[in-house]
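Before any questions on how it binds or moves, here is one chain, the form predicted on its own, in structure tokens.
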């Protein structure tokens, strides 16, 4: 039996008297690859945040607001995924001049995400898609067994989306993603949770599922 990592029981979240999520119950087992789908405003980001904040586990997160340090390089932003593994002096040393050891550690992550030629470029000079891939790289470099991503490929093209999602899936045992692209969601997840107006209306295996099976989620 797989270990349950996250669970919610009849959870309701309100904002200014309006229910963002209503009566949500679910369990997420170790090893799951889950996509949260639904219209914009359906509650996907709220559900992802609730699961993240309720967890006491080691989780890597890519939020919609990427939280990058824009005047620092791709290397430094990816390296920040492991700041808590080192002391302040070591981190400052790598801020001033990256050590060979950390270059060897960080470079393969950047290469997998197509950022090898941008390793020392300031983030503020990158495109939106490159910045998003940098944030994904930081989360992957953290080395957590669980990955949460809030629309982690919304700013990249189709080819890059496959590269990024494949890298995420290979790097983490458990993955939970809020997705707007249902085709990608079904391709890379083994379970899909569908939200509509803050209510969970679908929770099924993706095996044999077609994108048309999700049409009801996007109809008013």
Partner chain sequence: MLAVSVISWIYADIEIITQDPWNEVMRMVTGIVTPDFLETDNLITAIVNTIAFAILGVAFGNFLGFFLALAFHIRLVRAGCAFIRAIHELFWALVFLQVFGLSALTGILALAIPYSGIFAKVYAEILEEADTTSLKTISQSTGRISIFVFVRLPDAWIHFKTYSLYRLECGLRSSAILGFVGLPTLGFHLETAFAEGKYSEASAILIIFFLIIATIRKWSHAKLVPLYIVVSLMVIPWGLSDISITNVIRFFTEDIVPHPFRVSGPIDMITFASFFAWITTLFMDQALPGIIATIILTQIALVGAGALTLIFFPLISPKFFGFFGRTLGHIFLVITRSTPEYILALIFLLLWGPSMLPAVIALALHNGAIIGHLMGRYTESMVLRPDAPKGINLYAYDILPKIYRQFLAFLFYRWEVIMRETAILGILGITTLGFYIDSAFADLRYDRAILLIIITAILNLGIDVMSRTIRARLRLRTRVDLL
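Positions refer to the first chain, counted from 1. Values in this document were obtained by computation on a predicted structure and should not be read as measured data.
Omitted here: the form predicted in complex with the partner chain. The next part is about that form.
*Quick check: do 67, 76 and 138 each get a heavy atom within 4.5 Å of the partner chain in the model of the complex?*
Yes: 67, 76 and 138 each sit within 4.5 Å of the partner chain in the model of the complex.
_So the partner chain isn't shown here. In the model of the complex, which residue out of 121, 116, 95, 103 has a non-hydrogen atom within 4.5 Å of it?_
Flagged contact: 95.
*residue 157: heavy atom within 4.5 Å of the partner chain in the model of the complex?*
It does not: once the partner chain is placed as it appears in the model of the complex, residue 157 has no heavy atom within 4.5 Å of it.
*4.5 Å heavy atom contact, residue 146 and the partner chain in the model of the complex*: No.
_Whether residue 127 contacts the partner chain in the model of the complex should be assessed with a 4.5 Å heavy atom distance threshold; does it?_
Outside the cut-off, so no.
*So in the model of the complex, does any heavy atom of residue 99 sit within 4.5 Å of the partner chain?*
Answer no; every heavy atom of residue 99 is more than 4.5 Å from the partner chain in the model of the complex.
*asked:* I need the one stretch from 176 to 184, 53 to 61, 161 to 169, 35 to 43 whose residues put non-hydrogen atoms within 4.5 angstroms of the partner chain in the model of the complex.
replied: One stretch meets the cut-off, namely 53 to 61.
*Going by the partner chain in the model of the complex, which residues of 171 to 206 come within 4.5 Å of it through any heavy atom?*
Stretch hits: zero.
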